[in-house]
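Presented as structure tokens, the chain that follows is alone, the form predicted on its own.
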Amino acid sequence: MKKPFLVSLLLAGWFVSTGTLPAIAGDDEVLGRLQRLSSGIETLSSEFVQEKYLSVFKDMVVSRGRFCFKKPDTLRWELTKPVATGFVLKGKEGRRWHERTGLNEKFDINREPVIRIVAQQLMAWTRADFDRLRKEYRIAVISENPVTLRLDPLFGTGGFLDHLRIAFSEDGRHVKIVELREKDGDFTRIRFENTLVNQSLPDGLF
């Protein structure tokens, strides 16, 4: 799996549920409130625009897609433009596709370590599982209005990653922007649009 696609997968799942985030007093309190909000998530869907800046070419690659989640462990992640590619996961069973190669196949998550890691990350971010995330990142609240978090990889485990920055919508109901900064100057920015929380999702999505 190429790095930009893996990066977008790792980022796409960060949302919190309905409610308005109050004024913050400290990092632990903010994260605790986000966890409480995320506990109310039953379904979630959003369109997104992904911008990938490649410093070596001084160019921006733009793609579009959508992310859907249904509690407890069903999700869909896909890019729709310029090339349709993605996967659906229901528990341990999944299906993946790629428009350009013609790939369309089922898979067992236990036999796909890369997708398993990606799915675990998506679930952790969607559920605001900071206990899990703190094993991999140092998390800091860097802005109060709107709430913005910075995540720095621990113990050199980030590889090419320098840090993540996550900005919530003004009412604190969901993430609006996720930005990944790499050590070589490249960055990926995902802007979430038309986010719907706890709305019914068509069965055909999964």
Partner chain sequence: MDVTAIIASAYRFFEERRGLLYSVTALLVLIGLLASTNIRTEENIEAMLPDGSSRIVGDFRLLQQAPFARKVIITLQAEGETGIDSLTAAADRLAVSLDPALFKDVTTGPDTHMHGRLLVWIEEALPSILNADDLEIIAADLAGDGVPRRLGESYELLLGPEGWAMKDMIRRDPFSLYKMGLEKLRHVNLVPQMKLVDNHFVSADGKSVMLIAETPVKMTDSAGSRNLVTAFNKAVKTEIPVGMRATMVSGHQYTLANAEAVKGDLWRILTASTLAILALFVVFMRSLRASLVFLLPLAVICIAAVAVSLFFPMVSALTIGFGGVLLGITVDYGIHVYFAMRRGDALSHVMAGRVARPVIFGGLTTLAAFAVLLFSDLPGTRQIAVFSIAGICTALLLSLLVLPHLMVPAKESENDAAGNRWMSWIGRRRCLVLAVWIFLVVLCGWQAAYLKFNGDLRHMSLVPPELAADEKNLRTTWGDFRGQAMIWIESPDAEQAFALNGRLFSFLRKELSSPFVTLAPLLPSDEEQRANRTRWSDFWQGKKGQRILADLRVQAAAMGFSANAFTPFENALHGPLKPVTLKGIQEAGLGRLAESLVMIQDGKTSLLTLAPDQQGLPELVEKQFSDGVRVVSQSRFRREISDAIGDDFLRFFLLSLVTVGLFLVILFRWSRKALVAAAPALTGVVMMMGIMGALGLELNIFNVVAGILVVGLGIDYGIFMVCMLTGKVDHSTSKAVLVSGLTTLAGFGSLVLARHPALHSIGLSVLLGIGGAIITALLVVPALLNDKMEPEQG
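Residue numbers count along the first chain shown, from 1. Because the structure is predicted, anything quoted here is derived from the model rather than measured.
Here the subject shifts to the form predicted in complex with the partner chain, a form of this protein not shown in this document.
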Only one of 144-152, 66-74, 29-37, 46-54 sits within 4.5 Å of the partner chain in the predicted complex by heavy atom distance, namely 46-54
Residue contact check: V118 to the partner chain in the predicted complex, 4.5 Å heavy atom
yes
> So in the predicted complex, does any heavy atom of V88 sit within 4.5 Å of the partner chain?
Replying inline: no
Contact with the partner chain in the predicted complex for D184, defined as at least one heavy atom pair within 4.5 Å: yes or no? yes
Does K92 reach the partner chain in the predicted complex if we count a contact as any heavy atom within 4.5 Å? yes
Next on the checklist: Check for me: heavy atom within 4.5 Å of the partner chain in the predicted complex, for each of H98, F160 and I190, yes or no.
Outcome noted: yes
